[in-house]
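The chain below stands alone, shown as C-alpha cells; this is the form predicted alone.
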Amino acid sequence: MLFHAEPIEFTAQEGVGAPVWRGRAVDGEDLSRFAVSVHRHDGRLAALWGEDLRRQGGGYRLHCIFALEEGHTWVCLDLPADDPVCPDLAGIFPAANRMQRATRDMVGIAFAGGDQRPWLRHGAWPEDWYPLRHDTPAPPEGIGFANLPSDYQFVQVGGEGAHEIPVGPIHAGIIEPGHFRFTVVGERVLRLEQRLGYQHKGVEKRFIGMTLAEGSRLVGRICGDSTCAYAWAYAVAAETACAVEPSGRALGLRALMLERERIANHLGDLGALGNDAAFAFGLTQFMRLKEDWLRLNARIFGHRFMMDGIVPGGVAADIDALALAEIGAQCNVLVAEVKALRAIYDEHPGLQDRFLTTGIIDADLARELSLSGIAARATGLLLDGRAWRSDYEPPVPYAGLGVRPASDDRGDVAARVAVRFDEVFESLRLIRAIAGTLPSGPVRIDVPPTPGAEGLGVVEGWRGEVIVGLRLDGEGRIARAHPHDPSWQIWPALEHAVLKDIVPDFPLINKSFNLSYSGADL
C-alpha cells in the first residue's frame, strides 16, 4: 500500500464494496502529516464528521475519509472530552472548510484556525448547544430563526462599480433553500458566495437508536434523486460491520437500479439544460423520455425512484425474466431516441453558443477541491468508482463489466453536457449486460446486527461519490450514521465556475452541476 512509510498503521476493511483501509492518528500532528501526504499523492478528502463517545467512557472522535488510487482510507483521531480541538485541515484540503464548520456546529469539535463562521446553525439554536452531543438537552422553548437571529459575515468586495445581488434563500421553484450572494460589475460576476443549510432537518440525530432496517428507510430519503446510491452505500456499511456478503444476483439487481437512477437524472438534466438555454423542445423531449423511464420503475420496482428497493443483505424483491426483457427493450428504444436528441443538441448553434466556454473549471481546481463524479470527469479526470484504476478493483458486479468512464477535458457547461450524454449510453449498455447475465440465487439474506461494529460504504452515485459511515451500539442499534453527499465538495466549485461570466449565465451553470441542497443539509 502507498502508506507503508507513513506513521499511521492501516488494516483492510473486509467486505464487497470499494477497498477501505482503517487507521488511527496518534494526535493532531499525525493526522496533519498524513493529510499532507495524501494531498501530495493527488488524493482527495472524501468526507469528514465528528462523534461524541463520552457515553462509552471516551471523549470525541474525528472521522476523516481520504480517497486515493488504491481506494479509501478511514482515519480517526480521538480527542479529549474537556477540550476537543483538531488541526485545521482546510489549509491542506479546502473541501474541509464547510465540513469542519458543520462538525463544530453539530458536535462542538473545534478546529485550530480556518473559517470560524457557523455553517448549519444559522442562529436557530444557541451557540453552545450541540445537537449531536449525547447530553444535549431538549431545545429551549420557542427555539427558532425568529428569536435567535444572527448576521452572517459574507466576504465583501469593494471597488468602483461593484455591487451585490442577493438571490434566495427562497427560490421561484420547488427546490430547497439556498442563498447566493453575487458581487458584480455590470453583469459580470466578480465573486459568488453561497450560504446553505437553511432547512437543517436533524437527520443524523434521527439515526441514533434506529435498527438497521429503520436506518435503511431513512438514508434512502436523504436525497430523493440519489435514493439508490445512498441505500447501497448504507447497505455496504451495514454488511461490512456485520460480516455479511450479499449474493451475486442481489448485487446485480442493485447495479441495475443504480444505473436506472443515473439515467433518469441525466435525462432530466439534459432537458433542463436545454430549457435554460431557451430550447424548450429539449425539455419536453427529455422529460417525455424520463417519464416513461420512471413509470417502468414504478411498474417493476414498485416506486418511481425505487425507494426501499436496496436494503441491507440484498434487495427488497426479485424481478422475473419478463421484467428483465422489458427493461432491455426500453434500453434499445432509449438508445435511438437519445442519439437523435444528441445530434440536435450538438448541431444547434444557439445551444452551443450558451454551452461553450461557459462556467469553466479545470482539472487543477477539481483536484484541489476534491471533486468527484461528473464535475471531475468533465475536467478530464477519470474518477469513477465503477471502473478499474491502478490497483483499485471496482465492486461486484462492475468488476466484470468493463465500465468505460465518460470524460471531457474542456471543463465547461458543454463538457458536463457531453459527459451526461456519454454516461447515458454507457449506463444503457451496462443495464443490458447486467440483465443478460444476472446469476441465480437469493436476493436477500439476513443481517444480524453485530454490537459495537463499524463499517463504511462508498458508491459511485450519478452525482459523484456517496459515502456512509456507520457504527452500532452495544445492543446492535445505530450509534452514529453519517451520510456524505458529493455536493459538499462540488458546491464551492460552482463559486469558481461563475467567475467572469455574466449573471444571466448562473442558472445554466448551476444546472450543469445540479447539486443537492438536501444532501449537504442534514
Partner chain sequence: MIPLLKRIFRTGILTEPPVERSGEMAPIDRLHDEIIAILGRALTIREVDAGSCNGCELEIHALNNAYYNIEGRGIKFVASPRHADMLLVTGPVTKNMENALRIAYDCTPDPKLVVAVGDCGCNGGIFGDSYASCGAVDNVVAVDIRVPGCPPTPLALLHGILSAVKRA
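Residue numbers count along the first chain shown, from 1. This is a predicted model, so every value here is computed, not measured.
The same protein also exists as the form predicted together with the partner chain; that form is not shown, yet it is the one meant from here on.
Asker: Can you pick out, from Leu438, Ala124, Cys242, Val443, the residue that has a heavy atom within 4.5 Å of the partner chain in the predicted bound form?
Answerer: After the contact test, the surviving option is Ala124.
Asker: Can you pick the one in Val311, Cys223, Met99, Leu212 that has a heavy atom within 4.5 Å of the partner chain in the predicted bound form?
Answerer: By the 4.5 Å criterion, the partner-contacting residue is Cys223.
Asker: Please pick out the stretch from 290-298, 428-436, 152-160, 402-410 that is in contact with the partner chain in the predicted bound form, where contact means heavy atoms within 4.5 Å.
Answerer: Every other range fails; the passing one is 290-298.
Asker: Just checking whether Phe180 would be counted as a contact of the partner chain in the predicted bound form - the rule being heavy atoms within 4.5 angstroms.
Answerer: No, Phe180 sits far enough from the partner chain in the predicted bound form that none of its heavy atoms falls within 4.5 Å.
Asker: Check Phe421 for me: does it contact the partner chain in the predicted bound form (non-hydrogen atoms, 4.5 angstroms)?
Answerer: Output for Phe421 is no: heavy atoms all beyond 4.5 Å of the partner chain.
Asker: Is Leu218 near the partner chain? Define near as a heavy atom within 4.5 Å, in the predicted bound form.
Answerer: Yes - in the predicted bound form, heavy atoms of Leu218 and the partner chain come within 4.5 Å of each other.
Asker: Would Tyr198 count as touching the partner chain in the predicted bound form under a 4.5 Å heavy atom rule?
Answerer: Residue-level check for Tyr198: yes, a contact with the partner chain.
Asker: In the predicted bound form, which residues of 326-347 put a heavy atom within 4.5 Å of the partner chain?
Answerer: Contacts from 326-347: Glu337, Ala340, Leu341, Ile344.
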